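Okay, here we've got a single chain as structure tokens, the form predicted alone, with questions on binding and movement later.
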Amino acid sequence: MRIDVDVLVVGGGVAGATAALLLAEQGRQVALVDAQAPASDWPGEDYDPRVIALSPGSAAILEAVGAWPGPWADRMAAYGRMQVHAGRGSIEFKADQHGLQALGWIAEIPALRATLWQRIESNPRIQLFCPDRLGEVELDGPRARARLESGPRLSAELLIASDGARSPLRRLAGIEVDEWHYNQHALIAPVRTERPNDGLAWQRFTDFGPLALLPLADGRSSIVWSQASERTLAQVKMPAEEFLFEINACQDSPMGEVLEVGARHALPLVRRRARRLVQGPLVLLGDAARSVHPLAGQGLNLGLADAAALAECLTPVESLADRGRALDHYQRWRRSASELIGGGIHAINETVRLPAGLGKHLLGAGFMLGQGLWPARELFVERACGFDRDSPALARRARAA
């Protein structure tokens, strides 16, 4: 059986599912292939460890496809303040000083994905193939052709690879990738502190790496602590009381001491950057296009901006057979944005790792200087919140709201 569609999306994570919905809203016939449906046993009793800091711009993109705030809004935690400390310096941002209700939300990735899939399953323009995988793939013609492991053959004017940081489609297309291995892991876990976290995103650049406490809806915090791999992996396995001693020796947040820690997980940190985002009918999106260090919480936000930017570039294109100029625009736009954000995050991480604490003190001095430079602070907030001038039009709605 052969099925002809306008767009074939491979990978139904948050970015891929959003792209499928946005392009379907343009009247295009979309096929979405994913190896695994959202977990049927979610939500569990506790928060999923996979939480992200969702920017206002990203929330506006999700709202455009009917996926924000969604049926699990009570599990999302808004943060109206952000404090960052390094050495003796610090900088603070408050949402109301910039005309915003929130600087962002801490959200569980499974909640976002489940909400998006509810929208997909009710959309008549989207055919869902799940659980399924691509078998043979042909990219050398004007249309992408693929055979699913379940049997059907698909033909599409556009093939979107949103299949993760190790993207098989990117590898199949021969697109080269630049990689930086930080030899670091991020430790993530929920923690309970002396005082509840009432909406503060707090971060300190410790002697061992950046430590963030991000608010959860029940008053606890989700920690993200990026350190040398050997140290992080040891902390995952050590008794809870030993870990509590180590983290409290490195943090001085307004929430007080960390009293309890939940399940601990370690994620390896690697920066990847695809040298091309477009090749023939193939387009890279989300983690398939790049992955960045988590210290600024921008990874998923970049993927959602990719989805909105691609849809915006394709809006005037009636037939995807005439997609060339639009995809060139997408590639220039998103590579530039990714370099600015990803490169900046990379530079901060490398600066902090300078010997003898020099990096921390340099960063702290920069924070003290930036605290009083209001135009620079405003530009930073617009970029971090995902609605600056270079952001997709859907994301910029967050500033107008």
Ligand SMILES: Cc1cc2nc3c(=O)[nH]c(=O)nc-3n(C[C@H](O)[C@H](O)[C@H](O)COP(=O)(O)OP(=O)(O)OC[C@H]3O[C@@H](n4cnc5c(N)ncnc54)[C@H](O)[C@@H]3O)c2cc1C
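Residue indices: 1-based, along the sequence shown. Computed from a predicted model, the values in this text were never measured in an experiment.
As for the form predicted in complex with the ligand, it is not shown, yet the points below apply to it.
Between 244-252, 129-137, 229-237, 315-323, the stretch whose residues reach within 4.5 angstroms of the ligand in the model of the complex through a non-hydrogen atom is 129-137. For the options A186, A201, L327, A309, the one in contact with the ligand in the model of the complex, meaning a heavy atom within 4.5 Å, is A186. Taking the partner from elsewhere, G299 is found to have a heavy atom lying within 4.5 Å of the ligand in the model of the complex. Using a 4.5 angstroms limit between non-hydrogen atoms, E108 is distant from the ligand in the model of the complex.
A residue is said to contact a partner when one of its heavy atoms sits within 4.5 Å of a partner heavy atom; G12 meets this definition for the ligand in the model of the complex. Contact check for L267: a heavy atom falls within 4.5 Å of the ligand in the model of the complex. Within 4.5 angstroms of the ligand in the model of the complex, the stretch 75-102 places no non-hydrogen atom at all.
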